[in-house]
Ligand code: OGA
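Shown below, as structure tokens, is a lone chain in the form predicted alone; questions about how it binds or moves come after it.
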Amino acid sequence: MEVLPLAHALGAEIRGVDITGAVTDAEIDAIREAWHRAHVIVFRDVEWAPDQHIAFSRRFRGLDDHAATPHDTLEGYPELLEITNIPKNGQPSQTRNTGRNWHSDYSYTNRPAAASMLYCVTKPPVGGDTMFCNMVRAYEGLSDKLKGIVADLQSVYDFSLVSGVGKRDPEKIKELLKINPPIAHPCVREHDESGVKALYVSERTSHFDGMTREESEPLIKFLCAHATRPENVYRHQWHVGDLVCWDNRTTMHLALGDFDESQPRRMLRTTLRGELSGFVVPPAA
């Protein structure tokens, strides 16, 4: 197995393992170790069916059934989110603008995603890249004083801040807001497998628990800008057959809308289920 770095801050391509076949336990362990080091790993030229995608993902952790976003799954496969701009039943896809702000997956639930494994089925001729940032480096780059401040904070995540919500069916939005009330998670989280500490705040953070939105806004903006500095980012240019896997406990990502939206784009994602976390909070002032 070869592990080839893709950027200085994070990201690695893995070669020499056929993930569509009978992957050994030793290979899974080696992939997991590389994943913990690189935070984002990429497999190229993957050709598989949904059942294979699900089976490979399960080798790492239990999978989320995506009950938090029940309208976005692939028919017959609750373990697979379908992220596409291709219309469904004559209606615009609800996921056509998914991921257009910096975030980690399912942060607005009581089981924030441990990791995500996204497979490219169809893509536009150019554009549609995804950017990733290293939240371990972001935390480690803070001053000791600011580390002490953020250690005592709880980031409140609000589903209404998910990109593209305003373009979804209003009745579905109402349902999703009911399923996913604002929830607070520690602003600094310790990885439950590797033990590293990472900053946990994003553009979907509405405020810090116990603080107003006005008080919270400058610090949220600073932390997000600090985390997404160019030197802390890997930008992935997609090819059909790419499987990109990222650790939501140590990264944020951003799906760019830099493509011709009349061209089809279709991705399938498994979500590795995270640990129970957080508490529901009332809206801030």
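Residue numbers here begin at 1 and follow the sequence given. Keep in mind that what you see is a predicted model, and the values were worked out from it rather than measured.
If you look for the form predicted in complex with N-oxalylglycine (OGA), you will not find it shown, but the lines that follow are about it.
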property	result
In the model of the complex, A9 touching N-oxalylglycine (OGA) (heavy atom, 4.5 Å)	no
Touches N-oxalylglycine (OGA) in the model of the complex: D105 (any heavy atom, 4.5 Å)	yes
Touches N-oxalylglycine (OGA) in the model of the complex: V46 (any heavy atom, 4.5 Å)	no
Exercise: L118 in contact with N-oxalylglycine (OGA) in the model of the complex, heavy atom 4.5 Å	yes
Proximity to N-oxalylglycine (OGA) in the model of the complex, single hit among G99, P186, P124, P182 (heavy atom within 4.5 Å)	G99
The unique member of L199, L153, I83, A114 whose heavy atoms fall within 4.5 Å of N-oxalylglycine (OGA) in the model of the complex	I83
Answer range among 249 to 257, 26 to 34, 46 to 54, 225 to 233 for contact with N-oxalylglycine (OGA), defined in the model of the complex as heavy atoms within 4.5 Å	249 to 257
